[in-house]
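Only one chain comes next, encoded as C-alpha cells, the form predicted on its own.
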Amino acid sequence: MLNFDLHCHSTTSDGTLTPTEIVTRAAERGVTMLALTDHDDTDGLDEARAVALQHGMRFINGVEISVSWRKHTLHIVGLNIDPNHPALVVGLQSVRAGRGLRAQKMSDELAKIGISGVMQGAYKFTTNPNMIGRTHFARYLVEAGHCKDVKSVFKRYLASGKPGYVPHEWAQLGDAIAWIKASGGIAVVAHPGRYMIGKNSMGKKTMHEMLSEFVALGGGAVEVVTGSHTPPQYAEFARYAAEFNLLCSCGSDFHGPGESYRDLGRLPDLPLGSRPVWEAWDNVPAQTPPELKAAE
C-alpha cells in the first residue's frame, strides 16, 4: 500500500500550517510522496521541498489554479510543475491580482446584513495577504461567533447564492492547462464530485462536457480519491477516468487540523484498474506490487 498525497495546502494560500509543518505532519503519518498545491501561488514549494528531503520523502511541485468555466468555478491542480517557468509565473500573478477586489466586495455584502469589519478580521488569518479568500473570511466568522465551524460558514454565508458570496472571473480553463503544460506539469481536475452538489451543480451531461473540453485542451488526469469524495464517488470518477483516458490522482485536500475531510496520510488506495498519475513520472513505484500483479 502506497501512501501518496498529491493535494494539500499551507499558509502560503489558505492552510493553517506552514510548509514545514505540513511536510512534518505528512511524514509523521507515513506519507512517502507529497505534493503541496497551494491556491494560485508556489511560494511555499522551496521550503516544503527542503523539509521533505530531510524526511526522505519524494516531493512533487504543485499548484491549484482557480478557473471559471461557464457558470462554474473549477480548481485545476498542476503536478510536477516548474514553478519558475515564465508562463506559469505570469499566469498565476494574473489570477492573484483579482483576490483583493473580490474580498472587499465580499466584506461589503456581509456588511449589508449587519456583519461589519469582516475584511479586517479576515486579514488576521492570512500569512500571505495576496491570497486572501473565502476560507480566511470563514475563520474570522467562526472566531466572531457567527458559526460553529468553517464548513457551517460556507453553508450559511459564503457558498453560491448566500449573502457573502461574490462571483469572480478566474482563469480560463485553456489558459490554466496551458500554463501547467508549459511548465512541464500535468493538469488534474481537482475534487470533481464537489462540482455536482450545490446551487449551481453540474449534472452528468455537463460533467461529460467539461471533461471532454478538459481533455481536448490538454488536461491529463482527474482526482479520483480525495478528501471530500465518498467511496461510491471513487468508483464513479475512476469510470470517468477510464472513459476519457485520464490518469487518476489522489489527495486529501488537507487545509489544517479540524478543517479538513481527511488528514494527511489517511487516504485509501485508488480503485483497482486505475492508472495512477505518477505513472507519468520517473522512478515512482506502481500502485500494485509486482508479486500481486502476477497473482491477479
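Being a predicted model, the structure only gives us computed values, none of them experimental. We number the residues from 1 along the sequence you see.
One more form of this protein exists, namely the form predicted together with ligand AMP; it is left out here, but the text below deals with it.
Three-residue candidate spot R99, R134 and H255; every residue lies within 4.5 angstroms of ligand AMP in the predicted bound form by at least one non-hydrogen atom. For W170, a non-hydrogen atom is located within 4.5 Å of ligand AMP in the predicted bound form, even though that partner is not displayed.
When contacts are judged by a 4.5 Å heavy atom cut-off, R194 counts as touching ligand AMP in the predicted bound form. Interface membership of F154, defined by any non-hydrogen atom within 4.5 Å of ligand AMP in the predicted bound form, is confirmed. Although the partner is absent here, I81 sits far enough away that none of its heavy atoms falls within 4.5 Å of ligand AMP in the predicted bound form.
Residues with any non-hydrogen atom within 4.5 angstroms of ligand AMP in the predicted bound form fall in just one of 107-115, 86-94, 146-154, 179-187: 146-154. Applying a 4.5 Å heavy atom cutoff to ligand AMP in the predicted bound form picks out no residue from 226-241.
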